[in-house]
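Starting off, we have a lone chain in the form predicted on its own, written out as structure tokens.
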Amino acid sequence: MKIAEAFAVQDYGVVVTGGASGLGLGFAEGLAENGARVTILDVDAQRVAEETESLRGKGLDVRGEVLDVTDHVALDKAIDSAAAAYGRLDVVFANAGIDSGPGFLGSWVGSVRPRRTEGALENYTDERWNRVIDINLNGAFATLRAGARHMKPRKSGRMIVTTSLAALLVEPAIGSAYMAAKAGLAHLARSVALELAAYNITVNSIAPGFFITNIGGGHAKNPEVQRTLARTIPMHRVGFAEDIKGLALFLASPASAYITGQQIVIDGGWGLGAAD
């Protein structure tokens, strides 16, 4: 097989949850740029309309639908609709997620990281915890479940979930609900990978480090925040959506046919520690 054929996703039917911004938009655009037919699912109606129109303006085959992944009935219908529109469902990105607010430590102030009362365990409300778990973990579970219903009969498919470096490392600045959800999602992906391997369906995770997204209210878009974090990343820069397109294409394409149950970190070396 030629390399170009190994990465071919022409006419693939693809669904991306949380696809109207950030990494989800990068996944959607990257696959559409390579000939896939992509459905963006997102709770933000304005961004769905804007990004769908923008991608179509580039000649890409993209459709959009507004929904909340906590509504599993609507999610099932949307994925059924995408599969019907394309006559197939080849790839599902379970990407939708939110942050969980501050952790128990703040950013460094000199040699000290101040404690934050709003991130303390005793101040964590049920509402805050449950909302993060419901979107980040339960929403991904429902997405994989809906995808399996279409992929198993065809004995073919790719499922890709967005976890985080926070699924592997404890970072006190990040709320514990986010870390718990992403770690749970990583293990769920491994479990589903084992179950679906006999059906030629692969299930893998992408674990990003610090990327420019809307997580945390767009905090990552602040140039000063980016400069501060870049000093702690061995490659001395933060990640952008363009950086993740190649990995997404690899995991969605025939090139990754013999890889399943894996979590691939993409973080510029951040998880390795400081280099200088």
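Here the structure is a predicted model, which means the values were calculated and not measured. One rule holds for the numbers: they count along the sequence shown, beginning at 1.
Only in words, not in the display: the form predicted together with a small molecule, which the text now covers.
You can rule out all but one of 109-117, 163-171, 195-203, 149-157: in the model of the complex, only 163-171 has residues with a heavy atom within 4.5 Å of the small molecule. Contact annotation: residue 61 falls outside 4.5 Å of the small molecule in the model of the complex, judged by heavy atom distances. Contact annotation for residue 86: none of its heavy atoms lies within 4.5 Å of the small molecule in the model of the complex. Looking at residue 21, you'd find a heavy atom of it within 4.5 angstroms of the small molecule in the model of the complex.
Heavy atoms of residue 104 never reach within 4.5 Å of the small molecule in the model of the complex, leaving it off the interface.
The contact with the small molecule in the model of the complex, taken as any heavy atom within 4.5 Å, belongs to 96 out of 82, 96, 91, 181.
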